[in-house]
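Take a look at this single chain in structure tokens; it is the form predicted alone.
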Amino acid sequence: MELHYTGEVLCAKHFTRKFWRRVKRHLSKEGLITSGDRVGIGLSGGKDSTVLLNVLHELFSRRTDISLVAITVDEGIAGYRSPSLEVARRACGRLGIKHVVISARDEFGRTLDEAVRIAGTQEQAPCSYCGVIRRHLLNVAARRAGCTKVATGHNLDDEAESVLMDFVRGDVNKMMRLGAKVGVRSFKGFVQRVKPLRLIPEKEIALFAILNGIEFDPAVCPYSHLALREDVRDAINALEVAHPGTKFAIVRTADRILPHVQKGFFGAVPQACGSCGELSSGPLCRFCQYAEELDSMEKGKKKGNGGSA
């Protein structure tokens, strides 16, 4: 493996050793997981989350002061989620980790596919619905499981893309939530998110999985091509090829700047959603807003069809 951003060329043994060293250093430096934590691992079945599951199991399964539980959000995407859900179940079975599955149909009243059929792909991109549903359900499941932290498989590429996306969209509120540890800690119902793989490039996580025989689902979400993230990813990858180390530079620059900006930033005051009680920046959280909007759209379509479904 040639690491263009450092000039190193590593064999499997030394690549794996470097991978472990970086993950352990990041966990320790940021204090991501500490004694007494019950960690909910966001497990989709893809490469990032299954590697995260195996890494945290290797590091903490023999400790009696830290416990792990895997959480999978079933958004309801036909032909995509079912295979990855089976991969997640097998991974948890092999490692002996409790596996919790939470369903969008049960909690949101409809699957993501159904939401897209109602709303279409123009006014509200499927990825916007999905992001809100996943974050909401992950927090609900983690709280029900008694978790003190939720670990997600965000990698270096994800973080660099998020930084640039927030700048492109001018979304200051989301920008304030970037970092290794995220979440409104003053709101008791919110389970803090941590990102143990945040400084590991996506390709290196995939290679680590292959070298260590970790099964994962390589499928790509059928809605991903509609997201702004795809365009941002292409731009950053092109910059990385021309200027190795660009992704690290983007994330490190954000890490240096944001703490100073956050001190003087006065965003929306966190409050409990008037409908579901989850964290919200207004009377209703985005999850409940979307549910109400989709109900209204569906009723409008039925009325337009003469009352037929």
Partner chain sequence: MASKRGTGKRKAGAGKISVTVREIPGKARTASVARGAAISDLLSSLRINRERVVVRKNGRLLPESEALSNGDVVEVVSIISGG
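Just so we're clear, the structure is a prediction, and the values are computed from it rather than from any experiment. Numbering follows the first chain given and starts at 1.
Although not depicted, the form predicted together with its partner chain is the subject of the following passage.
Asks: When its partner chain is placed as it is in the model of the complex, are Lys47, Leu211 and Lys247 each within 4.5 Å of it, taking any non-hydrogen atom of the residue?
Replies: Affirmative, all three are within 4.5 Å.
Asks: Could you tell me which stretch in 272 to 280, 255 to 263, 239 to 247, 25 to 33 has residues with non-hydrogen atoms within 4.5 Å of its partner chain in the model of the complex?
Replies: That would be 239 to 247.
Asks: Looking in the model of the complex, any heavy atom of Ser82 within 4.5 Å of its partner chain?
Replies: Output for Ser82 is no: heavy atoms all beyond 4.5 Å of its partner chain.
Asks: I'd like to know whether Glu159 contacts its partner chain in the model of the complex, with contact meaning heavy atoms within 4.5 angstroms.
Replies: No, no contact at 4.5 Å.
Asks: I'd like to know whether Glu202 contacts its partner chain in the model of the complex, with contact meaning heavy atoms within 4.5 angstroms.
Replies: Glu202: yes, in contact with its partner chain in the model of the complex.
Asks: With the cut-off set at 4.5 Å between non-hydrogen atoms, does Gly7 touch its partner chain in the model of the complex?
Replies: Flag for Gly7 set to yes.
Asks: Just give me the single entry in Arg135, Arg233, Arg110, Lys149 that has a non-hydrogen atom within 4.5 angstroms of its partner chain in the model of the complex.
Replies: Contact residue from the list: Arg233.
Asks: Check each of Met176, Val168, Leu207, Leu95 and return the one that places a heavy atom within 4.5 angstroms of its partner chain in the model of the complex.
Replies: After the contact test, the surviving option is Leu207.
Asks: Using a 4.5 Å heavy atom cutoff, which residues in 269 to 297 contact its partner chain in the model of the complex? It's fine if the answer is none.
Replies: Going through 269 to 297 in order - heavy atoms within 4.5 Å of its partner chain in the model of the complex - there are no hits.
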